[in-house]
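Below you'll find only one chain, the form predicted on its own, shown as structure tokens.
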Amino acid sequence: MFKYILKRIAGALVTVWIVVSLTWFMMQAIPGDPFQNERRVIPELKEQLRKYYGLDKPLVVQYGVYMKNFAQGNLGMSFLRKNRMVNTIIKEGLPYSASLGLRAIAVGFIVGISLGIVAALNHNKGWDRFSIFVAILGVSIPGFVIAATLQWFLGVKLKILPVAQWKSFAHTIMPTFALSLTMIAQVARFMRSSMLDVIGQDYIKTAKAKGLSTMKIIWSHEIRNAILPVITILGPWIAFVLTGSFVIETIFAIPGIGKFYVQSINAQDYPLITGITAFMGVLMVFMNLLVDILYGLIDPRIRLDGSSK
């Protein structure tokens, strides 16, 4: 197991390096620079700013300096927010994004799992059809459409919830639902499919023949085995949702990482774009590693080293 984890960590480091490098070079390939739209700044001052941030050096030198700083945990200084470090900006936005993400994960996982279980236990009945409808709705309609619809209906027309901002529990309801709907749909769909597959297995028939109670069979045999495929998709989802949705945060004016990311793209703020991308990449890789370990803990038949005992 230890050797397996070391191998995965090494692969994770390579993945993060590739993600950071690709993001950095793609940003450099965009025409212009962060100071080209500063019309109030004279050309001489623009040139001084380029030298100050090292943009006048060859790309290879700039890349080497950035990767050296990145290896030391220094994500550089933002172009958009003067004299502000990228690490500090991420630290400021993360609590808001994480708060929204944790709420969406809780709602998405609990509701999705419950909906999938109920749908499978009532196959081809009303609850099953409702689950399929929710899954189609969540996958088909983009989150920003749901967000805008909620703002218009609950915030503008009915006036029962705040339209935007992040100040109280009431402000969190609409963005949480808008962000969690897709997760609810995905989890419910996977859980329903997995439960239907497990229900038809021979060991379930054997458990029934032994006279085990219905609740015992559902909880100990069906749910425990059916939830494994759901955990597989849960890792990337947690990494994505924890950082918040860029569009959702922008629509609801939430001061999280997503808001900074959108602003950094518009301003061609290379360090901030690359820093946030790297942060998300590290989180994504870590969550995938955690899911693999949890897989082995939940199902003793699975061995992380690939062997079976």
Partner chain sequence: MELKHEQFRVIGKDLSTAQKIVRPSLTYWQDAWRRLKKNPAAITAIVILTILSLLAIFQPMFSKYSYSDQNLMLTLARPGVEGHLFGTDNLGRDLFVRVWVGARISLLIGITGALIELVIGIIYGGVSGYKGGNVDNIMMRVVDVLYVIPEVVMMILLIMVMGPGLFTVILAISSLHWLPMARIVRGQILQVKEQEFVLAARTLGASPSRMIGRHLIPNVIGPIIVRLTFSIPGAIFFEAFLSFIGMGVPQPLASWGTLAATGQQQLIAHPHLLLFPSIAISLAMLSFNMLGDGLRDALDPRLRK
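Numbering follows the first chain given and starts at 1. Computed from a predicted structure; not experimentally measured. Here the rigid core means the biggest group of C-alpha atoms that line up within 1.5 Å when the two forms are laid on top of each other.
What follows is about the form predicted together with its partner chain, which we do not show.
Chemist: Does every residue of 136, 251 and 277 put a non-hydrogen atom within 4.5 angstroms of its partner chain in the predicted bound form?
Modeler: Yes, the whole candidate spot contacts its partner chain.
Chemist: Can you tell me if residue 127 lies within 4.5 angstroms of its partner chain in the predicted bound form, counting non-hydrogen atoms only?
Modeler: Outside the cut-off, so no.
Chemist: Taking its partner chain as it sits in the predicted bound form, is residue 29 in contact with it (heavy atom to heavy atom, 4.5 Å or less)?
Modeler: Contact check for residue 29: yes, within 4.5 Å of its partner chain in the predicted bound form.
Chemist: In the predicted bound form, does residue 145 have a heavy atom within 4.5 Å of its partner chain?
Modeler: So residue 145 counts as contacting its partner chain.
Chemist: Is there a non-hydrogen atom of residue 9 within 4.5 angstroms of a non-hydrogen atom of its partner chain in the predicted bound form?
Modeler: It does not: once its partner chain is placed as it appears in the predicted bound form, residue 9 has no heavy atom within 4.5 Å of it.
Chemist: Please identify, from 114-122, 147-155, 205-213, 67-75, the stretch that has a heavy atom within 4.5 Å of its partner chain in the predicted bound form.
Modeler: Of the stretches listed, the one contacting the partner is 147-155.
Chemist: Taking 4.5 Å between heavy atoms as the contact cutoff, choose which of 132, 173, 107, 217 touches its partner chain in the predicted bound form.
Modeler: In short, 132.
Chemist: For the heavy atom contacts within 4.5 Å of its partner chain in the predicted bound form, list the residues of 250-265 involved, in sequence order.
Modeler: Residues within 4.5 Å: 251, 261, 262, 265.
Chemist: Once both forms sit on the same rigid core, is the C-alpha displacement of residue 50 at or above 2 Å between this form and the one not shown?
Modeler: False for residue 50: its C-alpha shift is below 2 Å.
Chemist: Relative to the superposed rigid core, does residue 93 relocate between this form and the one not shown - that is, does its Cα move 2 Å or more?
Modeler: Comparing forms between this form and the one not shown, the residue 93 CA shifts below 2 Å.
Chemist: So, does residue 263 move by 2 Å or more at the CA between this form and the one not shown, with the core held fixed?
Modeler: Yes, shifts by 2 Å or more.
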